[in-house]
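A single chain comes next, written as C-alpha cells; it is the form predicted on its own.
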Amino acid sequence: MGTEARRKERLDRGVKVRTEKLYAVSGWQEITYLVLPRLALILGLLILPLVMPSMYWQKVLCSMGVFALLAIAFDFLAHYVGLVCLGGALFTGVGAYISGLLSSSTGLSPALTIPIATLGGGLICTLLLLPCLPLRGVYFAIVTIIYPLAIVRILTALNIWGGTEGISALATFPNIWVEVYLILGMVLIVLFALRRLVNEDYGLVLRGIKDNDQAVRASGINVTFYKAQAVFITAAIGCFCGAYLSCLYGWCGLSLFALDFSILPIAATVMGGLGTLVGPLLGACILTPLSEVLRAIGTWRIVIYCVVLLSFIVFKPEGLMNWIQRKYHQFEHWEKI
C-alpha cells in the first residue's frame, strides 16, 4: 500500500463563514480554534497568582494589572477615538485622592470608596477635559499631560490634603488574594467589555469620529457628546486604578500623579500593539516585571528599558499581539487529500 497523500492546510480553513461577529463552524476543531486564545487568556490570568514565588511578586502582579488597565484605556481612546491622552497620571491621582479622602474622613471601606472614586473621579476628569475635546493630535496630548503637573504644584503650594506627605492610615484590603484577584478580574471585565463595545454600532461611530468628525457631525450626531463618553470611560478606568492603589498601600500622595502612570501604559501599548486592546495587556505583562528585575542595577535599568522599547519600535512596529495573531491564523497542519 502506498503512502497517503497529504497537504498543508490552514487551521482556520474549516471555518466556512467568518465576520467580526459571526462564525459558522463544522466541528470541535473549529470551536477550539476560536475559543482557545480567549480561554488561555482567562485561565492564564487566574492561575498566575497561584504560581508567584512570593508575596513580593504578587504585589508586582497587582502593579502589572494597574498598568494593564491604564494601557487598555489608552489604546481604546487613542485607536478608536483618535485622542492621544497622556493624562493617565491625572486619572490615577484624582481617583486615589477621592478614595483616600473618603476613607480618612468617613472611615468607609474599599468596597465603597473604590466605586465612588471610580465614577466620581471619572466625572471630574471628564469635566476638566471637556474644554479640550475640540483639540486633536499633539495638542490634546500636551494639554492632558499638563493637568497632573499643575495639580501637583497646586497641592504642594497650598499644602492641602497632606501636602507632600500625602494621606496615610487608609483602609486596606483584607488579604493579598482580594488584592490580586480584584485587579485581575477588573482587567478581564474591562478588556471584554471594551472589545464588545467597539464591535457594536457605538464603536462604529467612534471610528467615524476618528476618521472624519465633520462627516459624523453632518449626519446629526453630537460628536462632543460621544467624545465625552469615551473620555469618561477612560477616566473611570484610570480612577479605579488610583483608588485601588490607595487601598493597596493604605496611602495616597503626590507620587500617584507621577508621569510613570502616563508613560509606561504608552510603552506597553507600543510593545503589545496599538488597536488590539489585548496587546497593551501583553505589553504590561512584559514591562512591569522587567522594571522590577532591572531595579537592582540602578540607573542602568533605564538604559536597558529604552533599548528594549526602541528595538520593538524599530523592528516590530506593529506590536507583539498583531504578530502573534497573524502567525496564529496562518498556522498550517497536515491534512489528508
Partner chain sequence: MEVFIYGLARGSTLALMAVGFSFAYGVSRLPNFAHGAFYILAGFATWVFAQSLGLNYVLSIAISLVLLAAIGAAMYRFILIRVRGMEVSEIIASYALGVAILEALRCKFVGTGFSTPVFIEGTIKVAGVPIDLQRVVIIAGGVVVIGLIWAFTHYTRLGLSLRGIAQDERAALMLGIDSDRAATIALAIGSALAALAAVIILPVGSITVNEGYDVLISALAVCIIGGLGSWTGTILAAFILGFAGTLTATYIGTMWESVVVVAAIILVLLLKPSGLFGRQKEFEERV
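Note that the structure is a prediction, hence the values are computed from the model and not measured. Numbering follows the first chain given and starts at 1. Rigid core (definition): largest C-alpha set, two forms, superposition within 1.5 Å.
Beyond the structure shown, there is the form predicted in complex with its partner chain, which is absent from this document and is the topic of what follows.
- Only one of 151-159, 237-245, 173-181, 91-99 lies within 4.5 Å of its partner chain in the model of the complex by heavy atoms, and it is 151-159.
- When you look in the model of the complex, the only residue of 164, 214, 105, 168 with a non-hydrogen atom within 4.5 Å of its partner chain is 214.
- Annotated contacts: 86, 134 and 306 all touch its partner chain in the model of the complex [non-hydrogen atom within 4.5 angstroms].
- Using a 4.5 Å cutoff between non-hydrogen atoms, residue 302 counts as a contact of its partner chain in the model of the complex.
- A residue is said to contact a partner when one of its heavy atoms sits within 4.5 Å of a partner heavy atom; residue 42 fails this definition for its partner chain in the model of the complex, lying far away.
- In the model of the complex, its partner chain lies farther than 4.5 Å from every heavy atom of residue 119.
- Proximity of residue 193 to its partner chain in the model of the complex: non-hydrogen atoms within 4.5 Å are absent; the residue sits far from the partner.
- Counting a residue when any of its non-hydrogen atoms is within 4.5 Å of its partner chain in the model of the complex, the hits in 270-289 run 270, 274.
- Put the two forms on the same core and the Cα of residue 312 is off by 2 Å or more between this form and the one not shown.
- Fitting the two forms on the rigid core leaves the C-alpha of residue 135 displaced by at least 2 angstroms between this form and the one not shown.
- Cα of residue 255 to Cα of residue 304: at least 3 Å shorter in the model of the complex than in the shown structure.
- Between residue 85 and residue 301, the Cα distance is smaller in the model of the complex than in this structure, by no less than 3 angstroms.
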